[in-house]
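In the form predicted on its own, a lone chain appears below as structure tokens.
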């Protein structure tokens, strides 16, 4: 007869009970922020402090240099800026530049929308956009200025032409890359809802690729702004009144270097204003709100 297997019982463990810990011994769980931490958490204040630091370095370098013809102090530049704004010349020239910029930027955005829509709708449109961006995106817009002067003469037409070139290719490249990065799941969802053509592009592709499109809009804006100032420096007066680039060039010829710095400051201020008053609210209301960007 085979022996019955012995029954194995697990070892007995002593019973124990854990009591609750006294929370008073744990210390402070939630520590209030110090005044310095509260101050450094304010984004606007941090950036203002950075600007104050840069201005202090500027003033500290320019005062001992004592050469306003080469490098004026911040106080001299601030006075020149105030004087140019007060007499209206700086504001007028800034408005002339902004008007030309808006015309070229709007035209470039519209043409880019047409090209990228064709690129996602047809194979020929895709080949056309890829070929054109490969050819013209590396070409500096300012290099086309001599041709623009021959074709469109002295006027806003030449400026708008080079601005369209500056806007069109980086925006088209960013938008097309964003369309290509849309997942197949979202594409199939759009097809299942019966979306085709413009509705498919507007409701699926643009919404999914909007972070790339917004980045392209910001990059193309920066390219257009730089191109416009550079073109005005070379091109000069347009339609009887020069822009900010002409303001800088004119004061350089008159050796008013503080006013040159004031013109450069106006270019920077307008750039900061567009970034913080236009693009940042759009970004906060769209891609950040949708959780597409941290």
Partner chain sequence: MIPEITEEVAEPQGSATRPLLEVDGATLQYKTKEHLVTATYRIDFKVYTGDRFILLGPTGCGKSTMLKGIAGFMLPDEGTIRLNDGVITGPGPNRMMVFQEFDQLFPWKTVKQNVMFPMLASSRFSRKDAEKQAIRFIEKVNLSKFTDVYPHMLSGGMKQRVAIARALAMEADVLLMDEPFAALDALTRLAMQEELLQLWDDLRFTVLFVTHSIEEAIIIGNRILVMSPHPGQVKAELNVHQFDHDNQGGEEFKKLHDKIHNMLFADRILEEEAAPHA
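Note that this is a predicted model, so its numbers are computed, not measured. Numbering follows the first chain given and starts at 1.
Form predicted in complex with its partner chain: not shown, discussed below.
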Report yes if all three of 59, 63 and 78 come within 4.5 Å of its partner chain in the model of the complex by some heavy atom, otherwise no. no
Only one of 200-208, 213-221, 158-166, 129-137 gets a heavy atom within 4.5 Å of its partner chain in the model of the complex; which is it? 200-208
Counting any non-hydrogen atom inside 4.5 Å, which residue from 193, 95, 82, 151 sits next to its partner chain in the model of the complex? 193
Exactly one of 91, 188, 180, 110 has a non-hydrogen atom within 4.5 Å of its partner chain in the model of the complex; which residue is it? 188
